[in-house]
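Below sits a lone chain in structure tokens, taken as the form predicted on its own.
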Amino acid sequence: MQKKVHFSEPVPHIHRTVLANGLTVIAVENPAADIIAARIYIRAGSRWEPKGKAGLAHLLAAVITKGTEKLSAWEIAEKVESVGASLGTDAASDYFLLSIKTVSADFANILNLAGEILRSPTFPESEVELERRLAIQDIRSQQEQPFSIAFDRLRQAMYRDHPYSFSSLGTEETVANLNSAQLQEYHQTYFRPDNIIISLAGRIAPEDAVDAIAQVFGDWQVPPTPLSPLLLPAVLPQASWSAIPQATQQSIVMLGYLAASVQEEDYVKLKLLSTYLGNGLSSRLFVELREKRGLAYEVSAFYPTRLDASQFVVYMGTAPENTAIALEGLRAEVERLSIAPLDEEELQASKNKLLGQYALGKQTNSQLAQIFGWYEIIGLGIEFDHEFVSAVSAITTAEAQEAAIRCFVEPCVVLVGPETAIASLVSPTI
């Protein structure tokens, strides 16, 4: 009988405040190590990219550290590396992120550097051109990978005119037309104090953290023009079937279901079902389709957190001659969740795995800064740290099945592999 496991690690005291200019500060004091990590989130990312400019946020992330009004790219790198600190940027679907980590003594200087980068980047045209070429190389590289080909087609089929339909890299066509002026416009629109959250954790008192951030960002004035509401097309479930011939050693079989956004009631339940189906060597898909039936080179499931409608994806890499039976097996395992509830032992094992991994994801200052800032930027708030654990623990087998019934209705199917393996497979009535 699977036992219920309690995760009672001490929860750090979290301090949240909002500066006069609207910038939100989240501070976690953790004196265990002489390190301070900060995550600076901006409500930007590929979701906010104008139509026809996919890849703009990713390009901005690559170029924003390449020069400011006061510093060259080399000077920025030297300031970071000379003290052994780290500074990086990233553009995701639902946010833009600048990350820093340093010893406590150097935090003020590195935070000041981060402020300079965020507030006055120059986007030198030579750097834009270099990073644009590198992005196009990455896009071409993805187009040679069967999994990326399948997932790209799945995104397009599920999201159509929504920005989620594109990789964060963009496409060759859109990236080739991006320029420094467009980066400046995007930056001026979304990089403003009332659109920023700074989350940090480390050996620093919360009041000192707020003071340090106020010294760097407190005089940043809010532009007189408010941000316009983001109007995006609705994402509706619609079944589809795609078979993409490729001269590959294996076939990729991928199914996608339109799933709940982070704000919907089924979000936590689908996280649990994703853990049950595809998380690790003990997951249902791995045990049934790889270990017992020998169908899979790789098999998994994932359900990303999204501000708008998400996608619940299951996929398998299999021998070409097993493509049809792999597709049948994947669909059967997903549909089983709607037909029959998990038993109590399966449910509790999945809860233990999900909550155990969640607890392990909050061990370092970087992880603490990441998760609390992330909760804030996606609109859940820092209280969700407690709410998530309670919500997972409270899920019943009936509730998990009801979420499955609501989600696993209209699959999009993508097959990538040798033509001889997929040509004979005809789209069924889905």
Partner chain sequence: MSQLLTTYQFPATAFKLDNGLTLIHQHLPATPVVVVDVWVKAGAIAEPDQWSGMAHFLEHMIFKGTEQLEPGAFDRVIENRGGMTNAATSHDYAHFFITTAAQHLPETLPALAEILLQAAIPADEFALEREVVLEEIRQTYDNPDWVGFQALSESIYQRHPYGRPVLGTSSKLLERSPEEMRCFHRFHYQPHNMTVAIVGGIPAEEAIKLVEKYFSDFDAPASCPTYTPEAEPPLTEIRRQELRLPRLEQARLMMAWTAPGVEHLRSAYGLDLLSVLLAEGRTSRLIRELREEKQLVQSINSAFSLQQDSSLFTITASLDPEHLDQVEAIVGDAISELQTTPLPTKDLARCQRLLCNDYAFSTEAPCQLAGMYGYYNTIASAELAVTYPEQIKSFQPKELLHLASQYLSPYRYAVTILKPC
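Numbering follows the first chain given and starts at 1. No experiment lies behind these values; they were computed from the predicted model shown.
Same protein, other form: the form predicted together with the partner chain, not shown, and the subject of what follows.
Residues placing heavy atoms within 4.5 Å of the partner chain in the predicted complex fall in a single listed stretch, namely 94-102, out of 176-184, 94-102, 228-236, 333-341. The putative spot formed by L71, H386 and S393 is not touched by the partner chain in the predicted complex; no residue has a non-hydrogen atom within 4.5 angstroms of it. None of the heavy atoms of L154 is located within 4.5 Å of the partner chain in the predicted complex. When the partner chain is considered in the predicted complex, P163 lies well away from it, no heavy atom lying within 4.5 Å. A residue is said to contact a partner when one of its heavy atoms sits within 4.5 Å of a partner heavy atom; A108 fails this definition for the partner chain in the predicted complex, lying far away. Proximity of E265 to the partner chain in the predicted complex: non-hydrogen atoms within 4.5 Å are absent; the residue sits far from the partner. Among T122, Q311, T248, S168, the residue placing a heavy atom within 4.5 Å of the partner chain in the predicted complex is T248.
A heavy atom within 4.5 Å of the partner chain in the predicted complex is found for exactly one of A324, L130, A205, A214: L130.
Taking the partner chain as it sits in the predicted complex, the stretch 39-68 comes within 4.5 angstroms of it through a non-hydrogen atom at T65, K66.
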